[in-house]
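Next up: just one chain, as structure tokens, the form predicted on its own.
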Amino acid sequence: MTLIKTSINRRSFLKSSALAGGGFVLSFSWLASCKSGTKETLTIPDEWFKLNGYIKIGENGVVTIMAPNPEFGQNVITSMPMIIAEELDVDWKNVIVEQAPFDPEIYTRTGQFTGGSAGIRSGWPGLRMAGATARRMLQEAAALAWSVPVSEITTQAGVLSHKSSGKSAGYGEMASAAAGIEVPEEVKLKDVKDFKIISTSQKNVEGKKIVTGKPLFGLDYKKEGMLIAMIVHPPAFGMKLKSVDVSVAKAMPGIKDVFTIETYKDDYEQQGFDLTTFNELIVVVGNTTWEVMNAKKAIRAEWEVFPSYTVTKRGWRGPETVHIPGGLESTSNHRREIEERAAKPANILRKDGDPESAFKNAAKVVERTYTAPFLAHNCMEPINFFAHVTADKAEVAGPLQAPGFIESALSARIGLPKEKIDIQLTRMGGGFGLRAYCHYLVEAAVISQKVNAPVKLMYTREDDMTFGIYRPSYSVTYKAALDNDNNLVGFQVKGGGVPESPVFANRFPAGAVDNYLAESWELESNITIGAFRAPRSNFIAGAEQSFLDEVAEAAGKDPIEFRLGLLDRAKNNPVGERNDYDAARYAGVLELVREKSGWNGNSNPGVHRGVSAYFCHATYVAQVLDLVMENGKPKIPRVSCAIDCGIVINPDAATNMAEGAIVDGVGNAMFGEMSFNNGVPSKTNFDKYRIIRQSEAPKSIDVHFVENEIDPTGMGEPPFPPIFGALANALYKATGKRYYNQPFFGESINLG
């Protein structure tokens, strides 16, 4: 077993207390930042994230565990409590899970964040510590009650036992006594081989509620006297409100008021997630959704183009001045500007060796350019939020990924201190990064404050799709130099986007090539972008992996063997010291997917295979996609996926995330696109914004996990990026055509 220190200055645990009628509550540091010591001891430093939760053990032995992170389908509401239950050594059947509220007095202002595939990875040490500490306190209570050494007390499935005396008791019987025990200075963690809950498949604790239609989502949230609010925003990016006539709309049946608001005040210094596209909005408030939607149509607004301006934002690296260009942008102009900018010198991010000489002296040079458009998030649940703001307090509830990131903006905007703001978390019907930008929470609160009533703000699908915060548009050019023996001797990546670059300078194949160059550029835009599932990786992985296949073909090598050769170089004789991947683990997923897919045994000429592998969010994923052509249309009978994410907490949940990411990635690669004409989004609903249909999804997805004892890493995002490249490479095998520009097919194609 591993020993961990439970506290320094008793800061890890807020309290342990008795419950009325028996039982106890242990409040703890949910994300205590434990680090390995010299004697396999995990120590909590003086400063750590105080993301707290609690374990509650009732007198009947039932255990309640709080789940802190917002839930939008990744099933952390099940997996995180599983970690505590494992170390607590309780029977999972006796565990009740509750969604923790956002509480600025208890939880840190940067905690309870769902994003970056970081929940399990960040919570792993603290969650284990909390469960092990509660178990130890129960053991000490039993030892005192039975007058025996605590070292002789064992636990199993919520039962305390003393073998030599034959005494035993359920946790509930000792819970009240445990509440009076001093929190121990160190506790023992289980060995991985002794896990009974972790790495077993457990059903979603909210599964039954979901399938039976229980009110879990933001759109389900209701309060007595609640009004419905909707917005009208400018019809194009680069425009703002000039004037508005609301007289007709205001007089319509069921309408309480029509007015304009500003989401953020001009003097407010926005933080990184205080992002909004259209700050001044027209608001309609009424009794019912239908009445408000009709009133929106009666509003007569005049819009004007805004000039360029600058805004100061405080991001991860401190204050940053961002220039927002004026004017109306179009996709056709973006394409021309991208070509012009890509031809100019760019910012050098990394340079190894002498890439210029390598390309000058190469026997063969392969050069290709890849592009991808803007993408809308298109969560199944449109944007919504409830707010009831009074002079004394604010109650807000709805779907959001980052409650701690919006609290300061909300407090500043409505003029209430944070301790008077109550943020309740509902289940999200999708997020993918969009719901980390919580402008709609502020909008709902400002509207409620204005009308002095509880309000639910609802975006229509058209509002949701045209309000901005898209995945950026990207372009990248790769060059590879081969010598006379078809060895890769030079590699260059030069990429940028509108308005963000996708290049990761220190990822593979950096470190595997003597002569390497990574460059980056960006174009300014007034089209607002933000995080999209596996930010930046969601484009660059597909481009990189498509290019590596083409280079392997030029070198006359098998695509997997070609990649493994490069990884062998990176493992045994790496170039540079900044490579951000483990070459052995990277190679491991490629070898596993080669085995599980039967890559070397594919003798069916009608099945065309593409391979891809990528590292992001501390996790390694390799995929092989099988493709067949039926009546001239591609079909995907099977995808094989190998993942190294360390210890898998809940195999069912992890497999589900991989399956969903693969289907989502195939759909975006085939069809996903948002374009603009004079600032106007080309697609406003699913009749034009094409998403994958059931008949087009892979018929079978096999997910295989590398078995190891490495601490868990990310799962929600890593399986998404590589599937773009696997699909492109399989399509080439099937059609003889390389696919350089996403989407590969577009909205008009029916592959069903």
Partner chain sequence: MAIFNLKVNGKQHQVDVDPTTPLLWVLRDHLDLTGTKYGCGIAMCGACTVHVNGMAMRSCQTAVASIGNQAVTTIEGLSEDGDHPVQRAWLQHDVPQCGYCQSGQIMNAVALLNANPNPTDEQIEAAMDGNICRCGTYLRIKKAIKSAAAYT
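Numbering follows the first chain given and starts at 1. Just so we're clear, the structure is a prediction, and the values are computed from it rather than from any experiment.
Absent from the display: the form predicted together with its partner chain. The rest refers to it.
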Classify Tyr309 as contacting or not contacting its partner chain in the predicted bound form by the rule of any non-hydrogen atom within 4.5 angstroms, answering yes or no. no
Please check if Gly61 has a heavy atom lying within 4.5 Å of any heavy atom of its partner chain in the predicted bound form. no
Would you check, heavy atoms only and a 4.5 Å threshold, whether Met380 touches its partner chain in the predicted bound form? yes
Would you check, heavy atoms only and a 4.5 Å threshold, whether Asn656 touches its partner chain in the predicted bound form? yes
Every residue of Ser27, Glu185 and Ile197 near its partner chain in the predicted bound form, heavy atom within 4.5 Å: no
Interface segment, criterion being heavy atoms within 4.5 Å of its partner chain in the predicted bound form, picked from 121 to 129, 134 to 142, 206 to 214, 611 to 619: 206 to 214
In the predicted bound form, the one of Gly315, Gly180, Gly660, Gly576 near its partner chain [non-hydrogen atom within 4.5 angstroms]: Gly660
If we test each of Gly353, Gly272, Gly326, Gly430 for a heavy atom within 4.5 Å of its partner chain in the predicted bound form, the one that passes is Gly430
Its partner chain in the predicted bound form - contacting residues of 390 to 418, heavy atom within 4.5 Å: none
